[in-house]
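Only one chain is included here, represented as C-alpha cells and corresponding to the form predicted alone.
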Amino acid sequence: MLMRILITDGLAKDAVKMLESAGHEIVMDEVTPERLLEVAGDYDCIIVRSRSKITRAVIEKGSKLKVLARAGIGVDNVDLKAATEKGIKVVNAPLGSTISVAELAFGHMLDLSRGITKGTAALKQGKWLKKELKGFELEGKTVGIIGCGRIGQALSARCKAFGMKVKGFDPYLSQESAKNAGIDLLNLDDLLKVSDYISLHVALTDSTRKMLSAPQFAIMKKSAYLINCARGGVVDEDALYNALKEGRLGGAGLDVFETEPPVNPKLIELDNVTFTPHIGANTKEAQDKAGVQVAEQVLLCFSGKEPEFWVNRPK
C-alpha cells in the first residue's frame, strides 16, 4: 500500500530515498503550526524531529494518519495519548543520537572544568585570564549519571576512559546490566551527595518533570556541576538559578531548556554556565543514523510488520 508522507523538519537524504524507493509519495515542507493543522488530513504519515509539535488538534485533523514518526529519541512533542486513542502508531529512532549526545555532555564537563568558553570569550575581548582560569582535572572525580540507558552508558564509557568514577541512578536498570556497564548504582539522594558532576539522560515524563529542584540542589556538593543534555523540563530552572547565584553549586552545562528558545534571561546572565542551543543530536552522523532508522520503522509499519521502536505499543 502506497502512502503519502509529510516530512516537516528535514530528513537525511538516504532516509528520503528509502521511502521514495518503496513507492511512497514524499512531501518536504517546514510547515508552521497553523499550516500543519490545515494539511494534516492530507497525509498517512508525518515525520518530525524536535521542532514540530504533533498536538491533539493535529491528530484530530489527521483523519488519514496511520503513523507518526520522530527522527530522534524523545517523543514529548507528540501527544501519545491522542495518537493511541486514534490507533495511530508512534515510532522513533532511539539509537541514532547516542554517541552525539554523550559526547556533547562530556564536552560540557570538559568546558566547565577548564574554562574553554571563558578563555575564548576573554581573548576575543583582549583579556588574558591565565590566573583566573585555574581549572580541575576530571581524573579521579565522580560522575553521577541519572538515566543509564544507551546514552548514559555511552557517557559512562567516556568518563571511565578519563579515569573518573561512575555512579548511576536508574530504577529500570538491573544490577547485572549496571555492573557490565561499569556503573555503580545508587539511590538518587546518595548519587547527588557524592557526585562532582551530575549528567541527566532521562525522558521528560510526569515522573521526571522537575526531578531536580531546590531539595535536590540542597544536598549536592557546593562544587558540583550539573549537565543537562536530556530535556529542559527535568530541571527546575528557577531553583537552578538560585542555587548557582547563591554559590550552592559550582556550575551547569545546559543544552536544553524549559522553553525553547529559552526565555529565562537570569540563567543566561550567569558566568558559571555553559550553553548550547539543543544540539545534542545535531551532528551529521546522528541525523543520518536517526533518519535511516526512522525510515525503517515507517516502512515496517506500512508493510504490516511490527516496528522495533513502537513507542505506544499496546501492552
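Residues carry their position along the shown sequence, with the first being 1. For clarity, every value in this text was computed on a predicted model and none was experimentally measured.
Quick note: we don't show the form predicted in complex with a small molecule, though the next part is all about it.
Enquirer: So, in the predicted complex, is Ser213 in contact with the small molecule at a 4.5 angstroms heavy atom limit?
Expert: Residue-level check for Ser213: no, no contact with the small molecule.
Enquirer: Answer for His278 alone: is it within 4.5 Å of the small molecule in the predicted complex, judged on heavy atom distances?
Expert: The answer is yes: His278 has a heavy atom within 4.5 Å of the small molecule.
Enquirer: Look up in the predicted complex whether Ser156 has a non-hydrogen atom within 4.5 angstroms of the small molecule, and give yes or no.
Expert: Looking in the predicted complex, residue contacts with the small molecule do not include Ser156, since no heavy atom lies within 4.5 Å.
Enquirer: Closest heavy atom of Ser97 to the small molecule in the predicted complex, within 4.5 Å or not?
Expert: Judged by the heavy-atom cut-off of 4.5 Å, Ser97 is in contact with the small molecule in the predicted complex.
Enquirer: Taking a heavy atom within 4.5 Å as contact, would all three of Ile146, Ile151 and Phe169 count as contacting the small molecule in the predicted complex?
Expert: Per the other structure, all of Ile146, Ile151 and Phe169 touch the small molecule.
Enquirer: Within 4.5 Å of the small molecule in the predicted complex, counting heavy atoms only, one of 122-130, 237-245, 135-143, 89-97 shows up; tell me which.
Expert: Every other range fails; the passing one is 89-97.
Enquirer: Though the small molecule is not shown, can you say which of Asn180, Asn187, Ser207, Ser223 has a heavy atom within 4.5 Å of it in the predicted complex?
Expert: Only one listed residue qualifies here, and that residue is Ser207.
Enquirer: So which of Val202, Leu80, Val194, Ile116 gets a non-hydrogen atom within 4.5 Å of the small molecule in the predicted complex?
Expert: Here the answer is residue option Val202.
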